[in-house]
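Okay, here we've got a single chain as structure tokens, the form predicted on its own, with questions on binding and movement later.
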């Protein structure tokens, strides 16, 4: 019995000869590149920013509701889990910001060469790490 998928693999050249279409590379043999990782991370950080914004809204509503509600939110935010979530939100904010600047440069027609793309990608990663740690170091130092 012939497999129906075989018909999808057949193509024709411009002179009418039959050829087999190539298979797309599978994820098991695909090597991740910085460009694909940063693209995925841009989406992940966008979702993280949305979730973190819900935490911010919870904090603001609790502040407007009274001392009891505010103490509950502050208790969560000051816990190790809350601090981890806040650090992740900060890192997501910086990543999204710096990657957005990178995309604006692309929109203006700059940075499309592969070495420039890799350099700007690593610049986004480094700027995110340095900014996140610096903001938290200053914030914790001022406490």
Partner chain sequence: MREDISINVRRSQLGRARGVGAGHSGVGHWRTERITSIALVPLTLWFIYAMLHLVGASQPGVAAWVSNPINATLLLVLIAITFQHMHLGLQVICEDYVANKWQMALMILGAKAASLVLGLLASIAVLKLALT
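Residue numbers count along the first chain shown, from 1. Bear in mind that the values here come from a model prediction, so they are computed numbers and not experimental data.
Omitted from view is the form predicted together with its partner chain, to which the following refers.
Proximity to its partner chain in the predicted complex holds for all of 61, 67 and 142, with the criterion being a heavy atom within 4.5 Å. Taking a 4.5 Å heavy atom cutoff to its partner chain in the predicted complex, the contact residue among 9, 119, 135, 129 is 135. Comparing 48 to 56, 111 to 119, 30 to 38, 77 to 85 against its partner chain in the predicted complex, the single stretch with non-hydrogen atoms within 4.5 angstroms of it is 48 to 56. With a 4.5 Å cutoff on heavy atoms, residue 93 counts as touching its partner chain in the predicted complex. Residues from 91 to 125 that approach its partner chain in the predicted complex with a non-hydrogen atom closer than or equal to 4.5 Å are 93, 94, 96, 97, 101, 104, 107, in the order they occur in the chain.
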